[in-house]
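A lone chain, given as structure tokens: the form predicted alone.
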């Protein structure tokens, strides 16, 4: 499977409604910024990273794909995924300009495309290539009903609707004010009852003092986890919070490397591990994180389920993965959408990683790469 070409692409996909907001971001579209890799025998693989659909910054990623990583891949055997990951991740020139950020997002897109190719060449869905099905179901939790931009009454109605649709877990955003967020948390818990898991996500907004004050008020509502309560790289602060509250701490979507996770493990600063193949160096590095989490007896909840498609395959295949996020913005852009039935993700059936765009998405949502 010698690689003939590596071409970047950008899709901008509308979010639910006209826009959504959490504690730190307001967006109207989600960016699917990726690589299309074709082999000399005509096999095609797709991979992508996720962005906030800012065209100028998206084009920095596609420029890295086209001018930095693609030349290292032409003529290589696409099946040598682990060797190629190391070649790209440890390239001296690229390491010098960045071991995280744009170079890692570019690597993520390419790595996913290579795994997609590898699974297609084998004629199997990716979860089989990653070790086979280890669980009969993958439980979904719904985040798309819980944005801070949603009014209180609509938040409660959306939570009830999600439960009626079969979801046994939901997540709501916090990070506006302690009083408002506690009021919303209490209303949602009352609406969904005790049998549904209820997680919260601060998107790194608050400091430790605010988190401690919030957690004292939130503990009676049986919070499943508090995701990104503090600034993403604050290992010490997360460790202090983990010791001070009964609410489990979750994080990972803003960590770019396995080494970054290692420090959170070592400091006992994390209870739920949330790597994202589109933020890290693709599947190859996320597998390292999943293995390390499993060794520490920590559960994994990959970030943003069908916003990255491939997490569905990972969750069926890896024993550490226990639950997966449902945000349906981009699922219908792919030939095999990530589908939730009765609160659980459906087992993918088509060969590959589930990352092949539909002709309609390719035609209507593409943006210029330069």
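This one's a predicted model, so the numbers in the text were calculated from it and none came from an experiment. Positions refer to the first chain, counted from 1.
In what follows, reference is made to the form predicted together with a small molecule, a form of this protein that is not presented.
Task: Contact residue in the model of the complex, from 147, 224, 272, 167 (heavy atom within 4.5 Å of the small molecule) - done: Flagged contact: 147.
Task: Listed residue that, although the small molecule is not shown, lies within 4.5 Å of it in the model of the complex (heavy atoms), from 184, 171, 118, 205 - done: Contact residue from the list: 171.
TODO: With the small molecule left out here, work out from 59-67, 316-324, 23-31, 334-342 which stretch has heavy atoms within 4.5 Å of it in the model of the complex.
DONE: Looking at the partner contacts, the answer comes out as 23-31.
Task: 4.5 Å heavy atom contact, residue 303 and the small molecule in the model of the complex - done: Residue 303: yes, in contact with the small molecule in the model of the complex.
- [ ] Consider residue 201 of the chain shown here, and say whether it contacts the small molecule in the model of the complex, taking contact as heavy atoms within 4.5 Å.
- [x] Although the small molecule is absent here, residue 201 would touch it in the model of the complex, with heavy atoms inside 4.5 Å.
TODO: Report yes if any heavy atom of residue 253 sits within 4.5 Å of a heavy atom of the small molecule in the model of the complex; otherwise report no.
DONE: Close contact exists here: in the model of the complex, residue 253 approaches the small molecule to within 4.5 Å, heavy atoms only.
- [ ] With heavy atoms only and a cut-off of 4.5 Å, decide whether residue 54 touches the small molecule in the model of the complex.
- [x] Heavy-atom contact with the small molecule at 4.5 Å: absent for residue 54.
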